[in-house]
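Here's a solo chain for you in structure tokens, the form predicted on its own.
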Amino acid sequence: MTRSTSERVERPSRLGSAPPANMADTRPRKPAFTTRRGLGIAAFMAPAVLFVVVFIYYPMISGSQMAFRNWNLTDLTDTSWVGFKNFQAMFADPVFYTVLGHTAVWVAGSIVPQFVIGFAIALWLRRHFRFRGLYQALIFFPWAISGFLIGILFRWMFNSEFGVINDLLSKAGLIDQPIPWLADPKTAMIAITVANVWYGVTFFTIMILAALQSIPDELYEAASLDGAGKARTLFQITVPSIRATLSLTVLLRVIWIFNFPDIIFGMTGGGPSNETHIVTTWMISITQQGDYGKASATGLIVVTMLLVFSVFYLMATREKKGAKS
């Protein structure tokens, strides 16, 4: 009786004891960091770092210092330091505020339809149906085309004489005579915004569809069993589950559209009468006139505006998430 009791007492200690010294440790070991290994990592990273420094940071710093100099191609003999003179000239120019208004219309008029249409298409593509892959390829295809080429395409579509837009509206009985879309200041902004909406819907569709596919199907099954309708499921399951992706995607698109002159140059070049100029296209036109100092000052103003917007936007979205948690 005593012997069996002692064996039972010893058994746990044997199981919990350390493995024998001769037993090999099969766990993978992290290689020790040596000077040679560090030099190898640095050698592999050096080309990428050099490329970024030479082609991104150096032009950025070199171009920024032009904003504080009298840098004009008409007279390169005088590139003296003028401080904030170029910035003062920009803020004193009434065209600058007009262009800012155009930029606000351009961004707001593009981002809202892109988000709504892209979200709807992403919800549709999340379902399983026949030829789903083909529809995804057709929807994602515009994103592979240059924005400038899209602008040229829509310039022909909105042509007042033989454009397909006027032809369709005429056949539908909506217009009696052709509309000069790109020649009339009242309709030119509408035309370029429509083109940008068509081009940018794809980005929202890609990002939102990727986020939707990460939501477990069990959540929708549970909501269906609880009798939740489509609207309730959308706003209580779908949107909260991908809120971070939606916030980041909207922020990226705002920055992108703010700095996206491709379609405008392809369709109107900023005309007619500068009515479709946004800040970036106006900055390019100033560069074409040779005033690099003023153009560089405009670029720094744009960077500052986007930086301030990004900070406040991220703070606002973070507060909303914190309030719900």
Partner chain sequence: MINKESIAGRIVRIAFLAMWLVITVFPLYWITITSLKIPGAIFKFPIAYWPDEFSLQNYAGLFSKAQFGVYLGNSLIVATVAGTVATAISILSAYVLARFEFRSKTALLMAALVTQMIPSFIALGPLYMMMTQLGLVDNRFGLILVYIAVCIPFCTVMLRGFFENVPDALEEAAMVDGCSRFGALFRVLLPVMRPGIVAAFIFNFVNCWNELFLSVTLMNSDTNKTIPTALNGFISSFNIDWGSMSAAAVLTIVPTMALFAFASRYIVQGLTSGAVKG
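Remember, it's a predicted structure, so these values are computed and weren't measured experimentally. Residue numbers count along the first chain shown, from 1.
Just so you know, the form predicted together with the partner chain exists too; it's not on screen, but the next bit is about it.
Taking a 4.5 Å heavy atom cutoff to the partner chain in the predicted complex, the contact residue among 243, 232, 126, 85 is 126. Contact check for residue 93: every heavy atom lies farther than 4.5 Å from the partner chain in the predicted complex. Although the partner is absent from this view, residue 68 stays clear of the partner chain in the predicted complex, with no non-hydrogen atom inside 4.5 angstroms. Contact check for residue 167: a non-hydrogen atom falls within 4.5 Å of the partner chain in the predicted complex. Taking the partner from the other structure, the partner chain in the predicted complex has a heavy atom within 4.5 Å of a heavy atom of residue 259. Residues from 155-174 that approach the partner chain in the predicted complex with a non-hydrogen atom closer than or equal to 4.5 Å are 155, 156, 157, 159, 161, 162, 163, 164, 167, 168, 171, in the order they occur in the chain.
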